[in-house]
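Okay, so here's just one chain, in structure tokens, the form predicted alone.
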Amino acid sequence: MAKTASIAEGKRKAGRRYKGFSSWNNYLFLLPALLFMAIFIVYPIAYNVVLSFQDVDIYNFRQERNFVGLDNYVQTFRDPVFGTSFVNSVIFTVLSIVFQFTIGFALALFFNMKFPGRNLFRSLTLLSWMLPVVITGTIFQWMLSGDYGVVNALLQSVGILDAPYNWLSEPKTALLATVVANIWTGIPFNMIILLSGLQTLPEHLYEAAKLDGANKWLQFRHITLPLLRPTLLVLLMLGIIYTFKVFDLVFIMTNGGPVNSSTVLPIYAYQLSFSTFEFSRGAAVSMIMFAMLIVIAIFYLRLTSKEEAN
């Protein structure tokens, strides 16, 4: 009996050790992801925060760094270019989101219907999304060129323009030109997300609405929109974050010019860090952008929590 009890006790201890090892084993699987986040996400953000409170430029980059507190943020808010770039970022984001979402929703509703060649045309609309941003920016730069652009040639052929217009060199149209290019790039993403949401909606609700005499508009208003609300919130949230930090498309097409008319906040931060080599000022602008996006994310989380509560 004593021998049997000791064997049972040994098995229990071995089982506890195995469970402890198994639980630690589970955490080991997370280690690569945690290391990746720590090296490539947490450390750069932390370094950027520290840099924004120091006085670092090209002259003292390798020397002792002085702590200057909020001076970089104060200088940034006093800089007129910051105000211009902030307004440009808001205009760029709002116009892009409105047209991307509206056109993408219309295409999603269209491709949700059954007709011959639907899959082919749906695949063709994804081309603008699959193209690298460098190619997209170069294509629009060529199309909107004042010397040999196809847009000028088309508008002159129908009598809208009498002479070529420099779309990317004029302060009045440079930002709008980048908005048009960004809209063209983002439409497929909105379409695919909304189309996937539409295809998950139950058909019997629409059949019941038809029996009750509801037309297409009433079905869209009282069935489609309420059921798609979670998808719409996620799409708008991702769209705002992605669009607000667009850098490459604007950099390729206008580089923020002319006279800062198309300078958005990412371009402004880049110019401070790598054109005038004011690294701390550039870090401060980046942290301001980061804070803005955090506020938007918190607002989104509050909306979704209220949605789940209801």
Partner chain sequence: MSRIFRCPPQKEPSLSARSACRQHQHSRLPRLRSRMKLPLLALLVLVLALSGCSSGAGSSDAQGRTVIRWWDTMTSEATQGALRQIIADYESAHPDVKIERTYVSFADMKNKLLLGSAGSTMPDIVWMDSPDHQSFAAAGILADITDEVQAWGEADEYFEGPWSSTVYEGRNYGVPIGSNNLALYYNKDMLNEAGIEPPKTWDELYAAAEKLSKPGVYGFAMTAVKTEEGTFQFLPLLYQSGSDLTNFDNPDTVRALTLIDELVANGYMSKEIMNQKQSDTVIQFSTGKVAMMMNGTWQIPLLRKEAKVNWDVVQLPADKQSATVLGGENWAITDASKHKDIAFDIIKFASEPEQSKKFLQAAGRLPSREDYLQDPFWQDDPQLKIFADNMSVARARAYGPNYPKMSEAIQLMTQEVIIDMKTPEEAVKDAAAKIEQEL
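Residue numbers count along the first chain shown, from 1. Each form is matched to the other, and the largest set of C-alpha atoms that superpose within 1.5 Å is called the rigid core. Computed from a prediction, not measured in an experiment: that's the story for all the values here.
Not pictured, yet referred to below: the form predicted in complex with the partner chain.
Just one of P202, P80, P171, P132 comes within 4.5 Å of the partner chain in the predicted bound form, counting any heavy atom, and that one is P171. Of the listed positions (L31, A38, L70, I45), a single one reaches within 4.5 angstroms of the partner chain by any non-hydrogen atom in the predicted bound form, namely L31. Across the options 191 to 199, 120 to 128, 95 to 103, 162 to 170, residues that bring heavy atoms within 4.5 Å of the partner chain in the predicted bound form belong to 162 to 170.
Q271 belongs to the set of residues with a heavy atom inside 4.5 Å of the partner chain in the predicted bound form. The partner chain in the predicted bound form comes within 4.5 Å of a heavy atom belonging to Q141.
Although the partner is absent here, T231 is not a contact residue: none of its heavy atoms lies within 4.5 angstroms of the partner chain in the predicted bound form. Using a 4.5 angstroms limit between non-hydrogen atoms, V246 is distant from the partner chain in the predicted bound form. The three marked residues, N112, G186 and Y206, fail to reach the partner chain in the predicted bound form, with no heavy atom of any inside 4.5 Å. In the predicted bound form, the residues of 265 to 284 lying within 4.5 Å of the partner chain by at least one heavy atom are, in order, Y270, Q271, F274, S275, T276, F277, E278, F279. After superposing the rigid core, the C-alpha of P32 moves by 2 Å or more between this form and the one not shown.
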